[in-house]
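Have a look below at one chain only, the form predicted on its own, in structure tokens format.
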Amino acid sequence: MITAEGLFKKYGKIQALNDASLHVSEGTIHGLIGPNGSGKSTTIKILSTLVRPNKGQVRIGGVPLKKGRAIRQQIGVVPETPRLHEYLTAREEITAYAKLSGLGRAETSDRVRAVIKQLDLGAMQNLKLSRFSTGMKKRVALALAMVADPPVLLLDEPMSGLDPVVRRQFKDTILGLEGKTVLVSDHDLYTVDELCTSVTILQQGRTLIEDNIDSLRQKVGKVSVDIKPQDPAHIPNLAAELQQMNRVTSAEVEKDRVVASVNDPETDIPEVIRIAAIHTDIVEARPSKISLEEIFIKLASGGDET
């Protein structure tokens, strides 16, 4: 649905993008991550038609970037800091945006009603935006992006500044979107890990890697099972026994448990737990996985890149 190849962008002498690429499949939630200055914001601005690349090709839904009006009909954008007309109510703001998007009167009424319900804005819809919290303003910004029902949503730091309750609501809303292609740019790797199934990692304006997150975990990191014996005295012997298993790549002692890394979680973890139970009484056994943050650090430092 989103394809970008060979993107170059300079701001004066600053090289923001240097042969970057991006591929987002239709109907997926895809993460765009990288350190500050890696080119995330510039990529979002290019896809939003706010800036032009110096070189490179972009297509959204098969539409080339040079057809700006057609591209804008394909996308809804939620900026990191929404700029709303605070003298308007939420309903007035969403209605105005629907009309600017070219919707007719009847369609505008239907779509405004639909997004207000979908984003749980009903109780606040007639309040002026100046009275809204940061989280509520983010929700209105998402309503603006969705009101014309575009197939693609571009979300820049969608959960920054949100309290835990609103963050959870926002996350559930994004995960509940059906049939949408969503690109999430965020420096918070926990957010991307929660929302996305695939990711593009940028570094110094280049695409470092692009892959399915679960695939990255298998290639780069470890899948493991944490086993906590009832008797802590059994931990060293348990680690030694598990290390002898062909299915186990490593067995490390961490405080009151043994962490056994495996290659195939579906077949290896049950067998590791079975063997552990033969040698000691187990209080707890749970699978764990390498975080996206650990994957990013490992790749960015040049370790185990595939």
Partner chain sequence: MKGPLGMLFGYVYLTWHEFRYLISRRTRASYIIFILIFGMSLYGISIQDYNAQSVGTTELLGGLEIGDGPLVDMIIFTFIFGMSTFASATGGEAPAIVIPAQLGVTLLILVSIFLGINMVSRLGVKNAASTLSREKGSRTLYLIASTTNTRPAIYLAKLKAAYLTTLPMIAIMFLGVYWIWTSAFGAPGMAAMQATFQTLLLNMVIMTLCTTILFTSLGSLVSALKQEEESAVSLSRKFTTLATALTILWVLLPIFSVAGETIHSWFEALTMLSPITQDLIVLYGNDSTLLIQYAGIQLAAAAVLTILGIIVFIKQDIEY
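On a predicted model such as this, the values are computed, not experimentally measured, just so you know. Numbering follows the first chain given and starts at 1.
Keep in mind the form predicted in complex with its partner chain is missing from the figure; the text below concerns it.
This chain appears without its partner; in the predicted complex, the one residue of A239, V63, I44, V248 with a heavy atom within 4.5 Å of its partner chain is I44. In summary, among the residues L144, M124, I209, I213, the only one with a non-hydrogen atom within 4.5 Å of its partner chain in the predicted complex is L144.
Stretch 90-98 is the answer when you ask which of 110-118, 90-98, 226-234, 192-200 has residues with heavy atoms within 4.5 Å of its partner chain in the predicted complex. Heavy atoms of G135 never reach within 4.5 Å of its partner chain in the predicted complex, leaving it off the interface. Although the partner is absent here, R72 lies within 4.5 Å of its partner chain in the predicted complex, judged by heavy atoms. Its partner chain in the predicted complex comes within 4.5 Å of no heavy atom belonging to V166.
At a distance threshold of 4.5 angstroms between non-hydrogen atoms, R59 is out of contact with its partner chain in the predicted complex. Residues of 251-274 are not found to place any heavy atom within 4.5 Å of its partner chain in the predicted complex.
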